[in-house]
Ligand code: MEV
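Quick heads-up: it's one chain on its own, the form predicted on its own, in structure tokens.
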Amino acid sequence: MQLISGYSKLSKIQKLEWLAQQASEQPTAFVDELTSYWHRDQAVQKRFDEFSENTLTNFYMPYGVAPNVLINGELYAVPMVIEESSVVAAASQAAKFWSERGGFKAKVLSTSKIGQVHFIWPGEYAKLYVHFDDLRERMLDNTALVTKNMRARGGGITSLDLVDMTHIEPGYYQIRGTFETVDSMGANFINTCLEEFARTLKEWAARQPDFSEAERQPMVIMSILSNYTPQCLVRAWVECPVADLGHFDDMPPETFAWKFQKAITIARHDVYRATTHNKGIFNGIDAVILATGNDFRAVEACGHAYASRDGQYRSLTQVSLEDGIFKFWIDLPMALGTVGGLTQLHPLVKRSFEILGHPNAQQLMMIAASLGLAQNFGAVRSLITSGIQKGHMKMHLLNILNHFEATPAETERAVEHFKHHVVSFSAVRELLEGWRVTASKPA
């Protein structure tokens, strides 16, 4: 691979051809394959190209739905974008299970988001604090035009506080703002406000007659929203009498509930288990976030930070067994939007919202949290009963067969065979090789 200048200025086909010459022994086939994934509608493809930088082609991901998701009495088919074969199946099974036991309940506990102006100022906190009411008013006045439309929708800046961080770094302070962004994720809105706060801070400090020369020159380090939003919180839960859980592989419901509680307790206290446990939760949540054009990276970062909020990384889900009632729930911060960004631009995202009945941001939070809870219930249920591999590998069978380029006839025979045998990569290979050797022998 060679260094190149001005790559971003090349046309898309020129970028592809350069990369093909650098990376492939068959450059023509390389270009043909990548261009084969371009959208047939040039206008749609142009839109995809503009989502990112140096776009060459489209990377396909499976788009499916989990049906029978009953949330607060309303039935959903929830779009999910994910490549892991067992995730949609597990979520669908758990959703069907709980739809027969009252479904998921969910509520949004709070919706505040946070942004910070980080700055260095050489004076004492008390001196700045005395003047902060005046600074706050100026900041609000100077962002009035930016926040006008958001305020008309019921959002805006909800608080501005001065935070003393000098115990971490000499002279380090923050202006911490909280924001309500209604149905938008709000990143651009919040960052625009923060940068205006920073500009106002510098102008305001420069005019303070009782500040020293150094105090009139605060040094802004950065102005940026935080993806940690513990006050943008949703709760989802399921509950039923233990007896109504039914039997699992001949395991009585009381034993199932006891083992389930122990599994969650382990994930609450053991970081190794908690990490895998929460990863499974995000299998469900991320798939919904991707399908609805939201930022799954921000949601994951926030969720993992929240799981560590008391100093130890823990399970995001909890369970209780009281008075014969099994209750399983999740509290999770997530900042989601249903307007702006990809929600208005990506054609499949628009279809996702159509499938979901055009939810607002709070409804989408409840849907995503419920899918995370469904995914976790399905995973833990498998772990404490048949084991995770039985269902996972059967779902993975088609991927293995595709790897070995199985014919339709071989695939049909293999699926039937593995209804009664353990699926593994080597077992599939040996089965196909045996069939193919037999088929190649003369009659």
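We number the residues from 1 along the sequence you see. Only a predicted model underlies this, so the values are computations on that prediction, with no experimental measurement involved.
Beyond the structure shown, there is the form predicted in complex with ligand MEV, which is absent from this document and is the topic of what follows.
Interface stretch in the predicted complex with ligand MEV - options 278-286, 310-318, 135-143, 248-256, non-hydrogen atom within 4.5 Å | That would be stretch 278-286.
If you check in the predicted complex, is Glu239 within 4.5 Å of ligand MEV, heavy atoms only?
-> No, Glu239 sits far enough from ligand MEV in the predicted complex that none of its heavy atoms falls within 4.5 Å.
Would you check, heavy atoms only and a 4.5 Å threshold, whether Val69 touches ligand MEV in the predicted complex?
-> Taking the distances in the predicted complex, the answer for Val69 is no, it never comes within 4.5 Å of ligand MEV.
Hey, in the predicted complex, does Ile384 get a heavy atom within 4.5 angstroms of ligand MEV?
-> Looking in the predicted complex, residue contacts with ligand MEV do not include Ile384, since no heavy atom lies within 4.5 Å.
Indicate whether ligand MEV has at least one heavy atom within 4.5 Å of a heavy atom of Ala379 in the predicted complex.
-> Result yes; Ala379 sits at the interface with ligand MEV in the predicted complex.
Select from the listed residues Arg216, Lys105, Arg273, His346 the one whose heavy atoms reach within 4.5 Å of ligand MEV in the predicted complex.
-> Contact residue from the list: Arg273.
Which one of Glu84, Glu300, Asp183, Glu195 is close to ligand MEV in the predicted complex, taking close to mean a heavy atom within 4.5 Å?
-> The option sitting close enough to the partner is Glu84.
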